[in-house]
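Form predicted alone, single chain, as structure tokens, below.
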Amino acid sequence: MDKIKINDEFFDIMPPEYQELVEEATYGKEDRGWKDVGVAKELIEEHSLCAGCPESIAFRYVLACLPNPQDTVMVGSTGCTSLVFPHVAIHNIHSLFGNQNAVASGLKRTLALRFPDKVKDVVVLAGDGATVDIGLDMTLQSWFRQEKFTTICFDNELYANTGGQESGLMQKGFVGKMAPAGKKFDKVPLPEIARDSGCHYVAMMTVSKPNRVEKAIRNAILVAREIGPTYIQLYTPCILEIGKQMMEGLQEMRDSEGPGKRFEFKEYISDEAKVFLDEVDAERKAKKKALRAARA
């Protein structure tokens, strides 16, 4: 796997942070994953989000679980997530509010034409306002067209970075700082809409269980690469807007998942995607078995 290298003649004049990134990054490491968070510089050493924000750890998990990070382009939108992209060592595009799936559609098709012999993954990462409210039309149209990329929604159940306005994914009855009348109807069931709109892999969860997040992100990207659109919805509560302290984000997520709760784990896989993922799993197990035999 090719990695970025610094020309020997220019190595000494490059910033030490860049030297370290090129030499120590986990890109190319086949078993990279969420366990590299905390030791890998490219998995957000620093960020500009609020202290204790669950989005920061969710972002790290997503970056750590990308199967092909050096050839992945992420498309973001206006929102808290856009504050993090300048700190990550991965190709990314900031789109206008809500049109991230339209931008990703054109990007994915262009990359396929420009690099026909190379795998190039495209991943959309946006908040619930961009995905469900302002950008719902473009989100759905990309699914209807069977565009081959993954859409990840950081669901914090309101417009967090503009003061707490109501969003379509806000829970019924919640009173926000800028929504004093309270939400009058239930959360928009976007996972079910995604399934019925042609997505081949759909999952909804909190980010309190990193193993589950890692598996879902990888499944979604691999299925999108080979078959068609996929969707992941992750609960990343805004601790400021729901009145929590910076150490309470993880517990808020744990309290919101489980049977009957609004973030009960959901996973939908199309028949075509099931066959494909079974093949991937069998290939992975065979590879591990061969490695063990070689070491024996």
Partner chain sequence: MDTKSLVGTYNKKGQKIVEPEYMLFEAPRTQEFMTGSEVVKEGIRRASVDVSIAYPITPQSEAAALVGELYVEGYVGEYFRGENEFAVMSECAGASFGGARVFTTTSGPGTLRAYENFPMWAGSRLPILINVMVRGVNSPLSIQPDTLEMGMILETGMLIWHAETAQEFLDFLLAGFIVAEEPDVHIPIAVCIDGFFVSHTKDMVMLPPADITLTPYDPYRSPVPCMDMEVPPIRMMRDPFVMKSNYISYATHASWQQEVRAACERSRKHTIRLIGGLIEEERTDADILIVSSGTAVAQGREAVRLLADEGIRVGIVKIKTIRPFPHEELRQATKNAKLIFVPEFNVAGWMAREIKAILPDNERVIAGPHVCGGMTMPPEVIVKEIKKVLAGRKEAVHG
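Remember, predicted model here, so these are calculated numbers, not experimental data. Residue numbers count along the first chain shown, from 1. Think of the rigid core as the biggest set of C-alphas that the two forms share within 1.5 Å after superposition.
Just so it is clear, the following notes concern the form predicted in complex with the partner chain, a form of the same protein that is not shown.
- Contact check for E45: a non-hydrogen atom falls within 4.5 Å of the partner chain in the predicted bound form.
- Mapping the unseen interface onto this chain, R114 counts among the residues with a heavy atom inside 4.5 Å of the partner chain in the predicted bound form.
- When contacts are judged by a 4.5 Å heavy atom cut-off, G106 counts as touching the partner chain in the predicted bound form.
- When contacts are judged by a 4.5 Å heavy atom cut-off, P237 does not count as touching the partner chain in the predicted bound form.
- Screening H91, K209, K215, K172 for any heavy atom within 4.5 Å of the partner chain in the predicted bound form leaves a single hit, H91.
- Just one of L83, I193, A179, L222 comes within 4.5 Å of the partner chain in the predicted bound form, counting any heavy atom, and that one is L83.
- Contact with the partner chain in the predicted bound form, defined as any heavy atom within 4.5 Å, is confined among 184 to 192, 200 to 208, 150 to 158, 93 to 101 to 93 to 101.
- Residues of 58 to 84 lying near the partner chain in the predicted bound form, listed in sequence order, are P69, Q70, D71, T72, V73, S82, L83, the criterion being any heavy atom within 4.5 Å.
- Once the cores line up, the CA of V275 ends up less than 2 angstroms apart between this form and the one not shown.
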